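Encoded as structure tokens, the following chain is the form predicted alone, with no partner shown.
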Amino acid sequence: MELLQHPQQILAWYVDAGVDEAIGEAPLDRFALAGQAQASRAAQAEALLKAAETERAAQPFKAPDARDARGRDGGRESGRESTPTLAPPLAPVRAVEGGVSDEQIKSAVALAAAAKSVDELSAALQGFDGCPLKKSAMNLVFGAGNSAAKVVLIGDVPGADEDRQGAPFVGPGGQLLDKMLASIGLDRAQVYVANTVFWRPPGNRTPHASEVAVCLPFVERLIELIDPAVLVTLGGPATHALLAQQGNVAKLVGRWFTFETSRMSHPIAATALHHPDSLIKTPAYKRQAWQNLLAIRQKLNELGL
């Protein structure tokens, strides 16, 4: 017996299942595509790196000269025609996928290091143009909460609600995060929340590695300035970027690691947790997430917090 459903019912089922756009009739294996894209990016980065090293090694040595290589006196010196000297090619500025260069990443490192407070760091990001995502986003989504918090939670990227309001975790995932925090006796006034990327990628796409890299100095500086007792990474991208742990996040959540930068006087306890958006899409993760939350509460109790 064939059961016929109204198209509206079918569309409602798709929405509940997490389908948010229709592209074509044929299904796509997005896991395979993501793996291929990651391998392609790694190969491109390695090729660019080798090419830059080869070009630098081939540059001729030029003795120091008080004059510019192009001759500021128009090519004449003491009334005689000077022998033209070819200037060595400039060291290449390596651009990686996402439109971010090494120079922009160096600028991010310098700006982040110069910030002496969370407010100064936010102001530095407002004036920073080194991340291409800034051009397409509506607002900077910096961070929110207690700047003296003992718990810092870092997610991956802002969503549409966050982009509109300029604040992290204000959509459905943020509402679930509030309930998760409340379940272990915490609220937004006691913690600080932010993301590894400060601008929403267009179409909610996964950010390129270079876009994460250019934001990472600011994220690390934010953690340094707050100096929490516990760092919680929400989801795979944040865990991979901050804790240098690869693999499926389902195998990383609940484990304890340490986070430390060269400017920190001591390491801090760090753990991974499923991102609230993932818990909404995959409720089966909630049981594991609850166990992880209890472990965080236990760690805070051990630290007297």
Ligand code: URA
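For every residue, the number given is its place in the sequence shown, counted from 1. Quantities reported herein were computed from a predicted structural model and do not represent experimental measurements.
What comes next is about the form predicted in complex with this ligand, which is not displayed.
Open item on the list: Looking at heavy atoms inside 4.5 Å, which stretch does this ligand contact in the model of the complex, given the options 122-130, 206-214, 148-156, 220-228?
Closed with: Heavy-atom contact with the partner occurs in 148-156.
TODO: Report yes if any heavy atom of F198 sits within 4.5 Å of a heavy atom of this ligand in the model of the complex; otherwise report no.
DONE: No - in the model of the complex, heavy atoms of F198 and this ligand never come within 4.5 Å of each other.
Open item on the list: I'd like to know whether H275 contacts this ligand in the model of the complex, with contact meaning heavy atoms within 4.5 angstroms.
Closed with: Contact with this ligand, yes.
- [ ] Residue by residue through 162-193, tell me which have a non-hydrogen atom within 4.5 angstroms of this ligand in the model of the complex.
- [x] Heavy-atom contacts to this ligand in the model of the complex: E162, P168, F169.
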